[in-house]
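Here's a solo chain for you in structure tokens, the form predicted alone.
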């Protein structure tokens, strides 16, 4: 009789051997054949391949049985089939191999993760653990690096992110104080074995949510580090903090000896409905980011669970530090998904323009001249269902409204966007995920949608005629699992 993981391997092979025509199956976003995927973990470049680890419950669409799974790629178009690499089967991780990071060392990837343990009363214990991913693809669990949280903090002590400065390794963790305030702790080690607490990272955010999840620290320019994290418990405002939980960053000068970060104001990474727990890594001069397309504690908003799978990962993005903020853009390799342009519009002035989006799998580049216009409305319609993107140039506010979709999450998201002359949009429309990049990546919105029809129409409307400087559309091919 086959064990559950042998059965799982057969189920994976069977899935990829078949054709899948489900209207919500994405073409160019990583998602699982079944089960629940969430946080990206352990992102690394190793053995001439990008390694994308992530949380996966392969046995259901609930937030339990958290494993680490892996796909690899050389070009972000062709991927290996997903496989399990960490299983929650030991006493120190029996209730979940929670999020963490990867670091290439000694011709292997050191995986550092949180082992979650709960007793019969649901009391939690957290262990920071390490495993080694070897060149042949095998994984060995090595040791517990840090047992439980230090005094003054709750057992919400998790998501280790490892980085190196000179000869010293550092690990930053998201924590919660006994007073229920979000914080980050910094540890250090010279040999990647014995980790000692440096201290709580000093910031100018003393009362900024009740938990900080998924911390990342990455150098973005000489003397500047971005602290990327996901605070929980921020109060919603009209143009920010509108999701149940947020993901964003501050940038400043890092002193690991204190430790302290002298930083600017917190800025959200994605102003859409469905983005959380991003992780970054660097390779060949690029800082790359992948996030989870989903939102904790909102599972009821995602109807694919009824069909056996839930959530996806974002397209891989490159971060660029400019003018004190992080710009985001899709990695250049994704240009390989394009064929010949399906539409190229020469400059035209009109108050309405519409085009059909082929197969709901497309990229659209749009440049609108707004010097003579105060507002513009873009509609993504699937017969009687539709979503809108409205830009008010006077107030400098973008409003995304998906209240007119029949299934899935609804609501409105607003954020500020300074447009002087041209509104520039780059839209990636997948079968159930849309990513929109504004002003060359100054802002991004990610959202999921679940239309009842295959057909989508993209329309531009304005009260007075607007000049379309550029409109290009490409149908995008699907990424391949081999």
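Note that the structure is predicted; figures quoted are calculated from it, not measured. Numbering follows the first chain given and starts at 1.
The same protein also exists as the form predicted together with ligand FRU; that form is not shown, yet it is the one meant from here on.
> Spell out, yes or no, whether the shortest heavy atom distance between residue 98 and ligand FRU in the predicted bound form is within 4.5 Å.
Taking the distances in the predicted bound form, the answer for residue 98 is yes, it comes within 4.5 Å of ligand FRU.
> Indicate whether residue 158 is a 4.5 Å heavy atom neighbour of ligand FRU in the predicted bound form.
Yes, residue 158 is a contact residue.
> Would residue 66 count as touching ligand FRU in the predicted bound form under a 4.5 Å heavy atom rule?
Yes, residue 66 lies within 4.5 Å of ligand FRU in the predicted bound form.
> Indicate whether ligand FRU has at least one heavy atom within 4.5 Å of a heavy atom of residue 289 in the predicted bound form.
Because no heavy atom of residue 289 falls inside 4.5 Å of ligand FRU in the predicted bound form, the answer is no.
> Though ligand FRU is not shown, can you say which of 326, 162, 277, 337 has a heavy atom within 4.5 Å of it in the predicted bound form?
Filtering the options by heavy-atom distance leaves 277.
> Could you work out which of 44, 55, 445, 26 is the residue within 4.5 angstroms of ligand FRU in the predicted bound form, going by heavy atoms?
None of the other options qualify; the answer is 55.
> Out of the stretches listed (98 to 106, 354 to 362, 367 to 375, 219 to 227), which one is close to ligand FRU in the predicted bound form, meaning heavy atoms within 4.5 Å?
One stretch meets the cut-off, namely 98 to 106.
> Across 191 to 224, which residues bring a heavy atom to within 4.5 Å of ligand FRU in the predicted bound form?
The stretch 191 to 224, when checked against ligand FRU in the predicted bound form, contributes 213, 214 at the 4.5 Å heavy-atom cut-off.
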